[in-house]
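Consider the single chain below, provided in structure tokens and representing the form predicted on its own.
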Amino acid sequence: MIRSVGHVSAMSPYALAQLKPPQGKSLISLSQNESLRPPSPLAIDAAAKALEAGHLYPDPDWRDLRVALSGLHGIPAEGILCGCGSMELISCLAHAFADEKNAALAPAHAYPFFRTAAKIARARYDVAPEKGGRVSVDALLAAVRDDTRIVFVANPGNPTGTRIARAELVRLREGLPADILLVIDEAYGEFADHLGEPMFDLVGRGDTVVLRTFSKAYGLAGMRVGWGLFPPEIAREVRKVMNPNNITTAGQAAAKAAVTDQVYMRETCRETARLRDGLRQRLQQAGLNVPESFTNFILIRMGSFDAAHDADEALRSEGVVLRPQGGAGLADCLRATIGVTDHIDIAAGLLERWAGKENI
């Protein structure tokens, strides 16, 4: 038998969504935080046009996309790196700056891929407790050890949906030693941009990276396009471990066109927020605990693992798939992506009926 290397053999597989509905039921997936709308028509047209050059390798420097992002956010194009979703960039950061001699640190209920990336790099993965489902800067600072090299923070958080203010992230950065890299993952940043607290300026310090993605607000999850702003020295090292032809020509073209259609993206964010807040209110009225969310999903606190499992089974029996959160240390919770109105209504009705039976 051919065996994998030790640290890979010891890893648990990344938990994928289980999307098989029962026989005779149609699948309603509210489990993967995909957009409730397709991409901008401009992005679709651009991707289709780009297929004419499908026989050529894509631009390894993502030049047109970087220029578009630079203009939109007022950031230097040369500091932008693009990846196959932000997941590739997270993985490459771990490869470049962590190994078996040091550790990565993240909040207790952080995006589970942070752990996966650290383990692939052979780094120890430490966690700091959260406070009320929110990142605790004090807990993170207290958890720093002599061998900590990377701190990962998602803001807004996944799967919690909560966020902390810019001032708290600045306090975290200022409290960390200068030789620790802070990675701020803003995969859901567009859903909170209206609050006016951008973080890109922290990158100028030389010790912070800010990541974003086109998978959520822009509806390009299937195109796999992520990006981030990196200090020059960090970017240089990360490029060494990146696939030099990572994003397809169609993906780059679609992302660039999506950047030019901010009206469409903002409409998606507003509609998502409207449905999200309506679902939250409806479930709260049914007696469920649903924290405020700044993303395209909500976290539903069911009270116990058994209750979460029972509710999940009741939903799945009707073909509705939410995402259990045991992998993020929240075994008593389900996460519900905000989908189209009809799907949200069906899921809400099932949860209301389930809650009613539980409270009898």
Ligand SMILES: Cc1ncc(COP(=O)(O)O)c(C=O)c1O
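Everything quoted here is computed from the prediction, not taken from an experiment. Numbering starts at 1 and follows the sequence shown.
Another form, the form predicted in complex with the ligand, is not on view; read the next lines as being about it.
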Next on the checklist: Given that the ligand is not shown alongside this chain, does residue 85 nevertheless sit within 4.5 Å of it in the predicted complex, heavy atom to heavy atom?
Outcome noted: yes
Next on the checklist: So, residue 188 and the ligand: in the predicted complex, are they within 4.5 Å at any heavy atom pair?
Outcome noted: yes
Next on the checklist: I'd like to know if residue 109 sits close to the ligand in the predicted complex, meaning any non-hydrogen atom pair within 4.5 angstroms.
Outcome noted: no
Checklist entry - Is there a heavy atom of residue 210 lying 4.5 Å or less from a heavy atom of the ligand in the predicted complex? => result no
Item to check | Interface residue in the predicted complex among 93, 81, 154, 140, criterion: non-hydrogen atom within 4.5 angstroms of the ligand | outcome: 154
Checklist entry - With the ligand left out of view, which of 149, 224, 256, 280 would have a heavy atom within 4.5 Å of it in the predicted complex? => result 224
Checklist entry - So which of 232 to 240, 68 to 76, 165 to 173, 85 to 93 is the stretch with heavy atoms within 4.5 Å of the ligand in the predicted complex? => result 85 to 93
